[in-house]
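Only one chain is given next, in structure tokens, and it is the form predicted on its own.
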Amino acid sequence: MRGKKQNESRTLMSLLVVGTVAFDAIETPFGKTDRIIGGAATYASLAASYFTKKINLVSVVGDDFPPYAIRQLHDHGINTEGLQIKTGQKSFFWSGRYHADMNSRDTLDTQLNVLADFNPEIPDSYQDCEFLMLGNLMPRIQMQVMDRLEERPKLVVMDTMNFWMETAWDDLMKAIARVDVLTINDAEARQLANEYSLVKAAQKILKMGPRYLVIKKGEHGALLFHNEQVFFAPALPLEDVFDPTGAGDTFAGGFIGYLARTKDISFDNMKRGIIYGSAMASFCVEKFGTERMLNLKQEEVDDRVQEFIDLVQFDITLVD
């Protein structure tokens, strides 16, 4: 009976974002920061908030995490009922240094802290989840979240990285087999499939379970694969890239946020989602950390998407 009543009340479906809410310390050729707010779920939630207004967050922080940062999430309509705050413990921390090309980086320090024994809790109010974004986390935790939802979401998007390929392969394979969309970068796609050609790599990865694959190529755009269909979206040429941290998570948040808004998970609409995700990522890299993502105006988002349209749209007549 409880489940029936919940189903009857599900008039407004939600987006659930799971991932890290954390501290980052970043060094790029343009400057250096100490401890600033970061984390995959932070970037993804903020990006999605420009498209859909019912976003639920599941993550964990220590009591060192500042209340103002949680208020910033609330200001963007992000529900933090599922954000655990562990008394006497420290938040996840990552430190990295980017090389001159801004594509490669060195990890200087990683402190799991509260993430080491994170046990995700799904509040009852989150059980109306229609869209699920599994940010980069241990595959075991990603599966726990799926297991703890009473009904399978309409669309499950999962992000991962090479670290889990090297340390949690079996769990990663089980998690990948259960999702609809996998998002990874080009180096990770090659490693996951053991293929240099991204087309061949995509074919192998799609056989692992996901129906769609998004391969992120940083400043070179993104690829979307589904069966025999392929779509490519370029990245917007930018004069200044200050900090690439979180760009991939911002892309994923914009992508699923757009899909959640339109409630259309067709291949054609996912192509539009790729463009919107790319637009959000292009904002993210313009400032350090989440600074740029906190105060965007809708007209800025619309103008940036139009720039992408203008970049790729052209008329051509085939020669005889």
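Each residue number is its position in the shown sequence, starting from 1. Quick caveat: nothing in here was measured; it's all calculated off a predicted structure.
FYI, the form predicted together with a small molecule isn't displayed, but the following is about it.
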message = Is it the case in the predicted complex that Lys54, Gly254 and Tyr276 each bring at least one heavy atom within 4.5 Å of the small molecule?
response = no
task = Spot the stretch among 92 to 100, 203 to 211, 149 to 157, 222 to 230 with residues whose non-hydrogen atoms come within 4.5 Å of the small molecule in the predicted complex.
result = 92 to 100
request  = Although the small molecule is absent from this view, report whether Pro244 comes within 4.5 Å of it in the predicted complex, heavy atoms only.
outcome  = yes
ask   = Would Ala22 count as a contact of the small molecule in the predicted complex, using a 4.5 angstroms cut-off between non-hydrogen atoms?
value = yes
query = Taking 4.5 angstroms as the cut-off for heavy atoms, does Trp164 touch the small molecule in the predicted complex?
reply = yes
inquiry  = in the predicted complex, does Gln127 come within 4.5 Å of the small molecule, counting heavy atoms only?
reply    = no
query = Which one, Ala281, Met293, Ala40, Ala260, lies within 4.5 Å of the small molecule in the predicted complex by heavy atoms?
reply = Ala40
ask   = Heavy atom within 4.5 Å of the small molecule in the predicted complex: which of Leu132, Val181, Leu73, Leu137?
value = Leu137
